[in-house]
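Below you will find one chain, with nothing else, as C-alpha cells; this is the form predicted on its own, and questions on how it binds or moves follow later.
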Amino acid sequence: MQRHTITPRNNWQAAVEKLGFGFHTADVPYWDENAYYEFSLSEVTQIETATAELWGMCLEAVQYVIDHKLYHKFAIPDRAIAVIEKSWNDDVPAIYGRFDFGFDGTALKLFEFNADTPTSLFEAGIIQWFWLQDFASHKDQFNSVHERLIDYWKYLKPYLHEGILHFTCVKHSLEDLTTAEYMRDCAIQAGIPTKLVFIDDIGWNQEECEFVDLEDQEIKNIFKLYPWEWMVNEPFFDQLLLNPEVYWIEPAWKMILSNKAILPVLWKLYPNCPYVLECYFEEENRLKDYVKKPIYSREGANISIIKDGQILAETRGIYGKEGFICQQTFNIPRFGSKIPIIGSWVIGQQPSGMGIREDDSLITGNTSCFIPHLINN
C-alpha cells in the first residue's frame, strides 16, 4: 500500500458534479484527488478474504447474541427484541455493509462494521471509478460495487412483497439523499418499481394499520438510510410494532451488527482470528493501550485513545450514555501526515470493493477525506 501525490484533474469539480456528486466539498474538499493509494493484487486479495471471512463470523455472532439474549449489552430496548428476532428468523432481505480496517502493510485489523446505514457508497462505487478512467484506465480497482448492487437487487426481487419498493432518508442531508438515490437507481436497473419518500413524510393509516407515503400508497418494502437505534426511540416505532410484515431494509437484525458491542462479542467468539482486535466491554476491560468507543456513535464522535492511562487523542460529541467498549490499539503507518482507513464493502454475501478515507488525526471523523485508489498489477 503506497500513497502517491498527484495533480487533480482540471475542473474536477464539474466532472464529479456531472455524475451527481454534489457534496464533494464542505469547508475543504471531502473528495480529494490530490493523491491516490496504490495496492498490490495480493493486498487486495487479503482485504477481500478478510471481508468474506468476517461477514460469515458476523452472522454467527448475531446468532450468538440472539441465542444468549445479550440485548442489554447492546442497549437494545426490550420492545425491539421481537422485531429483531422476527427479521432474523424470516431472513428479511439485507443488502450491504462496510467493514472499516486498519492496515499496516502486513496485518489487517477490523475497527468496526457499519452494517445498518453505511455511507460513502456512491463515492466508492461511482466517483472513484470514473476518476480511474480519466487517470489510469489501463489500471484496475477493487470495485464491483455498482454491478453487485444491481445483481443483488435482482436476486432479492422475488423475496420482496409485491408492489413498490420505497426508499427513504432525512430531508436535509444531501449526502444521505445522494446515497439513497444511488441505491434506488440500482434497484430500478434491477427492474424493481421504486418511489422516494422522506422519512418525515411517512404517514400511518390507522384504519388499515399500515404505513403510507404522501399519495397514501401503502409501504410494504422500504430501504431506509436511517438508523435503527433512532427508530426504536421514536413514537412511530409503536406503529411499526403494529405492522411487523413491512420489510425494512436494512432489517432490524442489523441493529446488532451495527452496534459496537458486536466487537467484544467477535473477540470472545474468535480470539484467534487475525482480523479481530482484543476488545472488551468497558466494565470488563483489561487493556492498557486501547481505543474507547461508545457502542452507539457516528462520524468518530466521543472516541478516546488511551495509552498507559493517558489520553493521546479524543473527540467530543453527544454519544456515550449507552456504554462503551475498549478495543486494543493498532498502529497504522502514516503517509506524511495522513492516516488512511480502508472501508471494505460486502454486498449481498460477497466482498465488492473499497474506499479509502484519510485524516491527519488518529480518529477518522466527519471531515476526513475520501481518496481514490488503484491496483498495480
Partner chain sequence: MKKSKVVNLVLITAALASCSKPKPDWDSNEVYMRSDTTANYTHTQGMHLSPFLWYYAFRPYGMFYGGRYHHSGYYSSSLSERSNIGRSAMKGAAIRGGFGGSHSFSVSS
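If you're wondering where the values come from, they're calculated on a predicted model, not measured in any experiment. Positions refer to the first chain, counted from 1.
Below: the form predicted together with its partner chain, not depicted.
Not displayed here, its partner chain is approached by residue 122 to within 4.5 Å at the level of heavy atoms in the predicted bound form. Among residues of the shown chain, residue 207 is one whose heavy atoms approach its partner chain to within 4.5 Å in the predicted bound form. In the predicted bound form, at least one heavy atom of residue 48 sits within 4.5 Å of a heavy atom of its partner chain. Interface residue remark: residue 182 is counted as part of the site for its partner chain in the predicted bound form, having a heavy atom within 4.5 Å. Taking the partner from elsewhere, every residue among 141, 174 and 248 has a non-hydrogen atom within 4.5 angstroms of its partner chain in the predicted bound form. Residue in contact with its partner chain in the predicted bound form (any heavy atom within 4.5 Å), chosen from 202, 305, 164, 95: 202. Only one of 213, 151, 85, 282 lies close to its partner chain in the predicted bound form, with a heavy atom inside 4.5 Å, and it is 213.
Here the chain stands alone, but in the predicted bound form its contact with its partner chain, taken as any heavy atom within 4.5 Å, falls in 291 to 299 among 103 to 111, 70 to 78, 271 to 279, 291 to 299.
Annotation for 1 to 38: interface residues with its partner chain in the predicted bound form are 17, 18, 19, 20 [heavy atom within 4.5 Å].
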